[in-house]
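What follows is one chain in structure tokens, specifically the form predicted on its own.
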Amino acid sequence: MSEFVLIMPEIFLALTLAFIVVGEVTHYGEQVRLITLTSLVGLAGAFVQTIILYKYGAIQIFGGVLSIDGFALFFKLLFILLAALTIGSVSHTQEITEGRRTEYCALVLAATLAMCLLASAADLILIFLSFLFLNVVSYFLAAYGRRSVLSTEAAVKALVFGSVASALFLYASAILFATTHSLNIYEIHKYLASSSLSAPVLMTTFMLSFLALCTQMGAFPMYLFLPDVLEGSPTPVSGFLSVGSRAAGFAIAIRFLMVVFAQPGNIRGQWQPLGQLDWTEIVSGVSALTMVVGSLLAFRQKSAKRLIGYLVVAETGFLLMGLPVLDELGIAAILYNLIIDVFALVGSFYVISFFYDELQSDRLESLQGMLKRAVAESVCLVMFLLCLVGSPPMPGFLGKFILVGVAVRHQRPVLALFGIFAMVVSTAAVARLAYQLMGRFQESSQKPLVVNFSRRTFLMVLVVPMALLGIFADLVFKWVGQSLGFILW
């Protein structure tokens, strides 16, 4: 079997990107443009190819540079689905005009290709280059609102923090290579397991790499740029980056930390820190701080996009709870919550984009009375956000409940209490937004907004799967559990 068969999803994405670029270059005033359709067809092909790869099992290709396993395939399906929803929603927004959608689709496809490479990367150089590729494309996406000062500011801040993160990861990689003489993370693990390194070397390497990953995930203390980027970017871009960049960070964080800095525990399905460095306490502290800071700052915001941005920060902290417990159930809960995030965050920003098109503002005071003018959209926005923060009975509650339960089971009750506190405060922030949507409901005399059928249909495309994730949670968790066989020691 050719190794190229195992990278067919990436090949499909690259070919689709090439078709779009060639189509734009050869465009000469034709009235019919098939850019969006071409992108969706290419993404569908990549999605099908990813599903086909499940029959081959876990394997490393190209000399161990790429690891094709259930974990990588899960994230590839997630990224491709996210890209399809992002491109599908662009036809319903005025922030990205029809004449600029070709470049937009090309950038989304390029970012998706980088994410898929990150999901499979098992080589430090490829991880670094994929991170760089993804971040550069993200800068262009954030700056796509070219007449917006906030968009330019968002791109600059992303550039600064992304450059720092790339440098930190490169320094950590240099130390690992100088110590182990290998770039493959599985070979590095074998060396570290057989040769005891000094605690300062392990601590330095871990902290450099973890800070870089915190930037990608939007965790404390590197979260500062994330709400600014999500506020300043065009709203459809905000939905894409709020999930895609963070999920890519979690993909490499789980693989990198669990392979390099962990080893099998005494109980099947559990791990323990490798060597003299107990990095789980550090991750627990970062998780707690991220949850608390994100939820408290979300409660204070006056911009809907910025409020969601801080809720995303709190969500990152919550998902980090699944790492320090070193348990398969904790990691499975992270993956389940990431699926929820795709629909909850893309849906939230989709509704905010609709409001922005109508009001030219996302300020909370501008949204007063929208419940009467756009009932379905307002209700769905609140549902999406409640699902994101894990309020019962929304599907997101199950994922948060499992993370809290796993933390308690592994003797981390303080971390669980921080999680519950963050859920309560985040729910209060969503309630504050819902109150603004109600506004002076009885006194509002403004006419209801006209919403076309295609917009409502796409909204249902986001709401229905999110609801099904809660109804069929057992099946989803079973599939997610089968995606954890990526430890090829």
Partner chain sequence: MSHHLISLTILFPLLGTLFQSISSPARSRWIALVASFAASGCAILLVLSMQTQTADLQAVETFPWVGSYAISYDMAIDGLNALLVLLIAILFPVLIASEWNQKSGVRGLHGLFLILQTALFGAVCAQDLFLQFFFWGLSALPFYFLVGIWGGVGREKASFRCIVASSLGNSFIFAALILIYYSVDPHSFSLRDLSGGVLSGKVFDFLGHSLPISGVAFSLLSAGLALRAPIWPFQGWFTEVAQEAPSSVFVALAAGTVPVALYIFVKVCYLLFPQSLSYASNYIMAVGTVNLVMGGICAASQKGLRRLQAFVCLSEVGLILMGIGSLSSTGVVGAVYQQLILGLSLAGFGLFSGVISERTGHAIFLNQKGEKTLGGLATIAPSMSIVAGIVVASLLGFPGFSGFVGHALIIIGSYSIHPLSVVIAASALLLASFYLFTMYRCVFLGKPAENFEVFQDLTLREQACVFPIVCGLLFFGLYPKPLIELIRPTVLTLLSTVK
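Positions refer to the first chain, counted from 1. Being a predicted model, the structure only gives us computed values, none of them experimental.
The form predicted together with its partner chain exists for this protein as well; it is not shown, and the discussion that follows is about that form.
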task = May I ask whether A44, F62 and L66 all come within 4.5 angstroms of its partner chain in the predicted complex, judged by heavy atoms?
result = no
message = Although the partner isn't part of this model, could you tell me whether P392 comes within 4.5 Å of its partner chain in the predicted complex, counting any heavy atom of the residue?
response = yes
task = Flag R455 as yes or no: does it have a non-hydrogen atom within 4.5 angstroms of any non-hydrogen atom of its partner chain in the predicted complex?
result = no
request  = Report yes if any heavy atom of P200 sits within 4.5 Å of a heavy atom of its partner chain in the predicted complex; otherwise report no.
outcome  = no
inquiry  = Taking its partner chain as it sits in the predicted complex, is I471 in contact with it (heavy atom to heavy atom, 4.5 Å or less)?
reply    = yes
request  = Tell me the stretch among 430 to 438, 447 to 455, 35 to 43, 52 to 60 that has any heavy atom within 4.5 angstroms of its partner chain in the predicted complex.
outcome  = 430 to 438
inquiry  = So its partner chain isn't shown here. In the predicted complex, which residue out of L85, L386, L117, A253 has a non-hydrogen atom within 4.5 Å of it?
reply    = L386
message = Considering non-hydrogen atoms and a 4.5 Å limit, which listed residue (I125, V156, L329, L211) is close to its partner chain in the predicted complex?
response = L329
ask   = So which residues in 253 to 278, when you check its partner chain in the predicted complex, have a heavy atom no farther than 4.5 Å from it?
value = none
